[in-house]
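Heads up, the chain below is alone and in the form predicted alone; it's given as structure tokens.
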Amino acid sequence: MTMATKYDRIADDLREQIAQGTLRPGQQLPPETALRDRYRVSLVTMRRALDELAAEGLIEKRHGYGTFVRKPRQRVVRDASRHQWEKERARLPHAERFGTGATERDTGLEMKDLDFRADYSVTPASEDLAEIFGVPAGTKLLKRVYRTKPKSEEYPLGLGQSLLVYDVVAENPHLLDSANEPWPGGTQAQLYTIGIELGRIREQIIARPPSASEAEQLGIDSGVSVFDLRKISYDINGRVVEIADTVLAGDRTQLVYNIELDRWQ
């Protein structure tokens, strides 16, 4: 059995104070030297305990100001049933689709609580992407970059990018215009307008440290891991119609997968 280190015990104590509300969101912690003296440890040990809490997203270090208890970030709970939920809504009338998309479902927020931005561009398919789509390298792709942010917070919920074969979606010119975002019902509703029904979705997820740019954009400490999620959408004939990449901050994202198992016969 591994014994808890000194910095683990300090982190546990501060974590408990945050959980109980003794240390409140926005409250500044005493200076590191004062905490060092309180816990009777070296400054290196004290800093390691604080780094552990920062990596969990419980505290944040503001350069030149000190260390503060972090206000809880908007939680994102993402489960596999979101895709079927979106598919069932794709053919509903506009009024029924409007105002509630996958982001609202994942967060419990309403459309009025969110700031949404979409930027569209055209890009050639790399060899890797072309292989997944089953098209020649250099084929024109529609690249859509999404940022959705709670109005009450400074940073987006994640960093999202979607790729579609340009000539496929060009059948409906409205799908080429970012001014039509957010599209009620999301991507499946968009694809429905050109006669595409999804038959399967594959999600690949890895956890990794963020790049410096990702940490800055998501407002996380470099010690907080991110989920790197690639979603590949197939139509009912097995053709890949979308590749979407999303980077989600590990300190505010919960991935939930309920898997039904067949009974033994």
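These numbers were taken from a predicted model, which means no experiment stands behind them. Don't overthink the numbering: it's just position in the shown sequence, from 1.
Although it is not shown, the form predicted in complex with the DNA is what the next lines describe.
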Just to confirm the contact call: exactly one of 41-49, 192-200, 205-213, 224-232 touches the DNA in the predicted bound form at a 4.5 Å heavy atom cutoff, so which is it?
41-49
Give a yes or no for Glu56: in the predicted bound form, does one of its heavy atoms lie within 4.5 Å of a heavy atom belonging to the DNA?
no
Look up in the predicted bound form whether Gly238 has a non-hydrogen atom within 4.5 angstroms of the DNA, and give yes or no.
no
Within a 4.5 Å heavy atom cut-off, is Pro31 in contact with the DNA in the predicted bound form?
yes
For the stretch 61-79, return the residues whose heavy atoms include at least one within 4.5 Å of the DNA in the predicted bound form, in the order they occur.
Lys61, Arg62, His63, Gly64, Tyr65, Gly66, Thr67
